[in-house]
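The chain that follows stands alone, in the form predicted on its own, written as structure tokens.
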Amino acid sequence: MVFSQLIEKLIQETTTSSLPYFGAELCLSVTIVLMLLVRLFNADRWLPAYLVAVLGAFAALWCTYSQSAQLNSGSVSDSQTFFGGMLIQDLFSVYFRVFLSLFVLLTIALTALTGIPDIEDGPDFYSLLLGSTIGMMLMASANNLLILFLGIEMTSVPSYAMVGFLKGRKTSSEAALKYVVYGAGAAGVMLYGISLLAGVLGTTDMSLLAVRLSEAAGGQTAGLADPEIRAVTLGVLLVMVGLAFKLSLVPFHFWCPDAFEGASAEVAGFLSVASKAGAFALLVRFCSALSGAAGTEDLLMAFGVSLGVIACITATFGNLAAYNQNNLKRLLAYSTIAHAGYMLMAVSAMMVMQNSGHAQLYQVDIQKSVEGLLYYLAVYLFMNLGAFAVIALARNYTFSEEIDSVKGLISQSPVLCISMMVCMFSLVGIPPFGGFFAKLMIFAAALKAGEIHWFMYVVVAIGGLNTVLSLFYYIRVLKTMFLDERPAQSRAVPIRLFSWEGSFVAVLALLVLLLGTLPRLMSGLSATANAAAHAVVSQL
């Protein structure tokens, strides 16, 4: 076949077989180009950048919803690889595309309400925001180790710039520099791990990792005494460094509190939710790709239990470190670390059950563990964004993000205080808020995994203890807002329910409440999460 024919075949396969599955990413990419044109022609004077960003995010959401409808109707294959097998299209990837498109739409709306960024910097900021979102979508669709690395880097690089976007602030520049240094180190370690896996197993295709790992084991029970298995184990651990960095798991969490404190509350809210969602999607894909390799069940079981150990340490550290924080963003940064620990428990339970030697008997429970993670992320979107939105809106009036700046705020802005109360009670996991049922689903999965390995019972116990511990520092914030007296010299925060700002946080709080009290909404989200979980579990 001559070169021209190869090019023609490549173009035809790309346009007919790949681009239809890449619609959401294309919408965001086109929006970034339009944003740069807005900047080039100084059109941001009469065409606000946030309006262009909203239209692009809405187009991505609509495109993803159309893909979801096609998959649910059965008009297209349940699972389809594209771009030469580098990416995969299934309900799991579509779930995260919808999740990320909706979240970036809400984040843009929040930035429009708070005025960060300003008109001059708007095109640059939204280009970074949408570029990072594209990287997260690639992470959710990754079917190749090279895309794993590319997705994480596409997510991370714009995030570094967004953390340091508040020009002229030393804390912001310092936080961005720390984030870059940690990120560069984690990326280098992860890339070395990928090279080890590719070199030993002879492929970067994630769908072939389990098969090649079985071949390396030689059909026998393999351990670390085998040099090939030892090299693969080292490669997996090094890849996990990059994923743990994005998830801010202990001991790779150091960047998170400083980055959140230095960044604006809007950027911190975006990183706390979207970055976690993309990284957990990739972690589930990576762990699923390794599971089921004959001869390595004991080793992978130990890996799953190790994830449980890290989950317990992460949740405990995050909750204990949050106690003495006086900055609201820093407090929520440690809260984010703790919640990453809770969500990691679901992945640990999945790995333990999948590599028990009786995976078929636990197929439904494996699916339930992933469903619990997806449900948790959906609730986490609204409750964490709601908390950061309250901080951002109050900051515009008080010019402070310290806990003392919201003393007695209930007397001036009840809508902000009640919305914060709903979000924080949900973050704790108190019924009847959505966070309670999300956390219950994850604990139930870990409890089921305890039938296979006793340590998973310890994971559930530590998770329950941490839930109680977290109540105290959340209550401290609410006590300051509701019970303390507003200082006479404090700046007023005149946000009412029927203002744009008040309505925004009220809607987020209402969704958190409905996800714990409205059966139809809860069952609908649960069914959607279950279908997405089945899509990734069925490939194991």
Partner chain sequence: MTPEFLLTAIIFLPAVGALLLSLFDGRNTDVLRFWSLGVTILTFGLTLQMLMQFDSSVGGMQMQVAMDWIPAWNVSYRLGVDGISMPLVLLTSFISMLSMVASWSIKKHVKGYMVLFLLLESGMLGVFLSLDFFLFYVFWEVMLLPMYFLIGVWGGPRKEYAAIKFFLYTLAGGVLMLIAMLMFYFNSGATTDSFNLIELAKVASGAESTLASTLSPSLQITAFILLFIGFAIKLPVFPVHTWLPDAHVEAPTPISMILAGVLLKMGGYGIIRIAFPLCPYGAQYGAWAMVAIGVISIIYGAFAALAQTDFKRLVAYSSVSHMGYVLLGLAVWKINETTGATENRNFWLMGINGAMFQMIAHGISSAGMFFMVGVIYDRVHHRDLNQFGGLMGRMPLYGGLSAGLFFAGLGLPGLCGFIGEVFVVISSWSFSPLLAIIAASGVILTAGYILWAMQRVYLGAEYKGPHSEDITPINGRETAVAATLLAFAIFFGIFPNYLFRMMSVSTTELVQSLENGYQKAATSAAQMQAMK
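Positions refer to the first chain, counted from 1. Here the structure is a predicted model, which means the values were calculated and not measured.
Just so you know, the form predicted together with its partner chain exists too; it's not on screen, but the next bit is about it.
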Segment assignment from 79-87, 400-408, 419-427, 265-273: heavy atom within 4.5 Å of its partner chain in the predicted bound form: 419-427
Counting non-hydrogen atoms within 4.5 angstroms of its partner chain in the predicted bound form, say which of V98, L440, V236, V211 makes the cut. L440
Pick from I310, L331, I391, V460: which residue has any heavy atom within 4.5 angstroms of its partner chain in the predicted bound form? V460
Consider I116 of the chain shown here, and say whether it contacts its partner chain in the predicted bound form, taking contact as heavy atoms within 4.5 Å. no
If you check in the predicted bound form, is A216 within 4.5 Å of its partner chain, heavy atoms only? no
Just to confirm, F58 within 4.5 Å of its partner chain in the predicted bound form by heavy atoms? no
Whether S207 contacts its partner chain in the predicted bound form should be assessed with a 4.5 Å heavy atom distance threshold; does it? no
With its partner chain taken in the predicted bound form, which residues across 492-522 come within 4.5 angstroms through any non-hydrogen atom? G516, T517, P519, M522
